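What follows is one chain in C-alpha cells, specifically the form predicted on its own.
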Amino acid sequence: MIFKTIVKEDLKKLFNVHLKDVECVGPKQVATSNDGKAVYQFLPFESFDEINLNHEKTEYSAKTYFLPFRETLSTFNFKNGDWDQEIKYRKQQRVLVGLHPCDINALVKLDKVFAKDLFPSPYYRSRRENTFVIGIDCDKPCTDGFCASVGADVVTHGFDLFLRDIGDKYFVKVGSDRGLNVLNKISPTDISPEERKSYRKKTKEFLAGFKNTIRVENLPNTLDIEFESPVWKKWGDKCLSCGSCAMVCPTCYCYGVSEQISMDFKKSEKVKQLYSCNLLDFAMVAGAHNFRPARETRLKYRYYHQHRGFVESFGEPKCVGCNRCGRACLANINPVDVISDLQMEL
C-alpha cells in the first residue's frame, strides 16, 4: 500500500475545485440531540465547508447509497399482447467522504454478499464501482461502539483513500489506482519520520480509548449451546419488533420483492425494499403460517445471522460494532448487553 501526506487545505481544494462536477456525499449536521450532541447524516454537499470530518458517528450508515431502502429492479410495459422490460443501473460517478473504519468494513462485508458471491447483484455492483470512497480514522472511539471487539476498528481495503488526522496534515493510505490518480491532483508529499511517528501516536491513543468491549472468539459456539437460553426470552419481551435496528445497521440486507401493477394493466414494476427479520410477518408464508411468531425467536435469529451464520459463510461476524442498533432501539437493547448475558449463562 502507498502512504502519503497532504495538507488539510488541499483536501478542501480537491472537492471545491477538482470534484465540483461530481456528486459528493459526506457527514452533514442535521440536528442536535437532547444531550446537546450534533447529529450527522451522510448527505450530498456542494461545498466542503458543509461537512464535518470530525464527527463521532452518523445516525445512519452509508449503506443506503449502495442498498437503497426502496428501488425499482425493472419496469414492464404491456402493449398489443406483448411486453418489454426496462432495467436501469447507476452510471453516475459519486464521491463518498468521511466513512469511519466500521462503515468501510461494513461495505467490505456487503461486497462479499452482493459483489463477490456466485450470483452478484448488478444493481449493487454498479453503485459500488461508481462510488469513490474516502475514509477517515476516528480521533477517539465513539461512546458506545465496540468495533475493536469484532476487528472492525482498522481497514486495509475497501476504500480509495483513507485519512488519519495528524495535526495540520492528513496521513493518507492509497487503496486503489484511481485513488492515487485523484490524490496526484493535489500534490501529495512523501512521509517524513516525524509524520510517521505522529501517525503511530494517534493510532495508539485511539486503540487505548476503547471502553466497550466483548469477546466474540467463541460466540458461534456459545450461540449454539445457549439456543434455548432464557436470555432470549428476557430481551425478546422488551423488543418492540419495529425493525429500527435493521434500518440503521450498516450490514443488514434482508429484503422483500413485490410486483406493482397499474390499474389499466399497461405497466408494472418489480420493487425491492429492505426489510427486517424482527418484523412480525418476516417469516410468514402462504396460508398465514408464521415460522417465527415469537419476538424472542426473531431477535435470536438476528443475532444468529450476525454472529453465527455469517461466520460460517465468510469466516467473520457480520456485525462491525458501531452500535447504531443500540442507539436506535426504543427498548434499549444493544449487542454488548445481549452477548454478555449469553456468555454469563455459559
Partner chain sequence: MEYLGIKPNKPKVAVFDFSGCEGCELQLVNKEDTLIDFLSAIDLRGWREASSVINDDYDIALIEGSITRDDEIKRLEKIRSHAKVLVALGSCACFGGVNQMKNVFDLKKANQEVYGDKPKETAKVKAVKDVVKVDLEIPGCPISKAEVESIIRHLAWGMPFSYPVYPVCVECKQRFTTCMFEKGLMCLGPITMAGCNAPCPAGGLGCWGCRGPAKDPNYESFFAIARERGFSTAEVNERLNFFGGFQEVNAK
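Computed from a predicted model, the values in this text were never measured in an experiment. Positions refer to the first chain, counted from 1.
Not on display, but discussed next: the form predicted in complex with the partner chain.
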- Message: Only one of 99-107, 135-143, 261-269, 202-210 has heavy atoms within 4.5 Å of the partner chain in the predicted complex; I'd like to know which.
- Response: 261-269
- Note on the structure: Interface check vs the partner chain in the predicted complex: of 148, 239, 191, 231, the one with a heavy atom inside 4.5 Å is 239
- Is residue 53 a contact residue for the partner chain in the predicted complex, using a 4.5 Å heavy atom cut-off? no
- So in the predicted complex, does any heavy atom of residue 198 sit within 4.5 Å of the partner chain? no
- Is residue 273 a contact residue for the partner chain in the predicted complex, using a 4.5 Å heavy atom cut-off? yes
- Query: So, in the predicted complex, is residue 66 in contact with the partner chain at a 4.5 angstroms heavy atom limit?
  - Reply: no
- Task: Would you mind checking 1-23 for residues with a heavy atom within 4.5 Å of the partner chain in the predicted complex?
- Result: none
